[in-house]
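One chain follows as structure tokens, the form predicted on its own.
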């Protein structure tokens, strides 16, 4: 299978760099997959789980904020936060959820309240997915 160059970058470090077969990205407008030869594209990220497929194995990372850019040179994701799932502290994520709840309560104006509510829902969705993943539970 064809590969594409991929870099996942956070403010602290280069989180991942290498040739991959596919990357599944949690986009603000919905999840999207990127394969070799993908059309040029720029998209915003939402908090979620990014899946990198390479060498027959999948690696999963928590990402929050930032954007993805696909161009002829490959895919680059610049994220406000990016870390392997095994390094993710559910307590810290729970605190982010609590902070987001406070942001919803403190928001003035419909636009601000909608943005804060959407951010809270995204974080809650990630937390629930991680809980299911760690306990082996599935939903139908």
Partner chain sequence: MASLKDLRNRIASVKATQKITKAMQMVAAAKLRRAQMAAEAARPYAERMETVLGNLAAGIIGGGQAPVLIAGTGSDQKQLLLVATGERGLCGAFNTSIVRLARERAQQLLGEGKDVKFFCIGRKGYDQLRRIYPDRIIELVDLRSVRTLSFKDADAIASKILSLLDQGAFDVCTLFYAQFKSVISQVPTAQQIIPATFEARDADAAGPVYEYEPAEEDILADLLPRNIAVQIFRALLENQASFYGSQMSAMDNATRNAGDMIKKQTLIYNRTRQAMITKELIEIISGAEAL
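Positions refer to the first chain, counted from 1. Here the structure is a predicted model, which is why all the values come from computation and not from measurement.
Just so you know, the form predicted together with its partner chain exists too; it's not on screen, but the next bit is about it.
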Under a 4.5 angstroms heavy atom criterion, identify the one residue in 10, 21, 125, 117 near its partner chain in the predicted bound form. 10
Counting any non-hydrogen atom inside 4.5 Å, which residue from 33, 109, 84, 72 sits next to its partner chain in the predicted bound form? 72
Does residue 55 make contact with its partner chain in the predicted bound form, using a 4.5 Å heavy atom cut-off? no
Any non-hydrogen atom of residue 29 within 4.5 angstroms of its partner chain in the predicted bound form: yes
Examine residue 42 and determine whether its closest non-hydrogen atom to its partner chain in the predicted bound form is within 4.5 angstroms. yes
I'd like to check something about residue 79: if you look in the predicted bound form, is any of its heavy atoms closer than or equal to 4.5 Å to a heavy atom of its partner chain? yes
